[in-house]
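Listed next as structure tokens is one chain, alone, in the form predicted alone.
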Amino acid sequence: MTLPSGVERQRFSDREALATQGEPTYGEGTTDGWRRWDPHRSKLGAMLEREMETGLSGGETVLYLGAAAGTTVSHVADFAGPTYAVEFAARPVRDLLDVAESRENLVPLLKDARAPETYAHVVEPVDAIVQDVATRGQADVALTNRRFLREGGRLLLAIKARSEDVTRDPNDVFEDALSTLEDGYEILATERLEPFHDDHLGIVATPK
């Protein structure tokens, strides 16, 4: 598994861990300018820890769906190029704005990822979509945002089974999500994200 340029394994006080260089944002440990990337608080971090081939090399233009207060997208902006961070809830966006103050390439957008037409006038074509949206229809969100993804780009998606249906077996939820995604994407890799996140499936895909 190849880590993106700008992401390295660094030695912290208790163990070796993934890290990026940037302003700390959520109380993470730091060492020599590197900030620890906690996979227990980041689906993309968990995908990297599970050694999924994300296709990220560093410097990509990224659309991040479900940015919340900026925990993961702050790490992404540390190694990526222009990074559009979509979040629909006003409260976490206030924190996201603080994160963006030290990252000129990070563009917070108070928008709903289920309605990409509301930010289509702002977002340029991107090399990668990173999605962590805890709502029903997560695969549908990925399909509606496919319009922004360049040919050969990557969708890095974390499906949360309990957000789809708390009563169903997670494996059945994942199968349905993959079936839906195949309407617009070629699935390149899948991996359960335990022990970092229960009942989550990491997916790497490229647009058909």
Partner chain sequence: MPHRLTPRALRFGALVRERIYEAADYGRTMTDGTDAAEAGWFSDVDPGDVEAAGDAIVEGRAERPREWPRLAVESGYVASEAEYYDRLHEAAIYAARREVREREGADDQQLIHAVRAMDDSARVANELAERVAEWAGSRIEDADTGIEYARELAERDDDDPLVSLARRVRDLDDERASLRAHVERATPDVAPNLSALAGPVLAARLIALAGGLESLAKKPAGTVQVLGAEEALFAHLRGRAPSPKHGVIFTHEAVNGTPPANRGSAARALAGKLAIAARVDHYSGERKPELDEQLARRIERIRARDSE
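These numbers come from a predicted model, not from an experiment. Residue numbers count along the first chain shown, from 1.
Form predicted in complex with its partner chain: not shown, discussed below.
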Query raised in the report: Three residues, 88, 106 and 123; all within 4.5 Å of its partner chain in the model of the complex via heavy atoms?
Result: yes
Requested in this report: Tell me, yes or no, whether residue 93 is in contact with its partner chain in the model of the complex, where a contact means a heavy atom of each within 4.5 Å.
Outcome: yes
Requested in this report: With heavy atoms only and a cut-off of 4.5 Å, decide whether residue 100 touches its partner chain in the model of the complex.
Outcome: yes
Query raised in the report: Does any heavy atom of residue 169 come within 4.5 Å of a heavy atom of its partner chain in the model of the complex?
Result: no
Query raised in the report: Is residue 35 a contact residue for its partner chain in the model of the complex, using a 4.5 Å heavy atom cut-off?
Result: no
Query - Which of 46 to 54, 179 to 187, 22 to 30, 155 to 163 lines the interface with its partner chain in the model of the complex (heavy atom within 4.5 Å) - result: 155 to 163
Report task. At a 4.5 angstroms cut-off on non-hydrogen atoms, which residues of 129 to 164 are near its partner chain in the model of the complex? List them in order. Result -> 134, 135, 136, 147, 148, 150, 160, 162, 163, 164
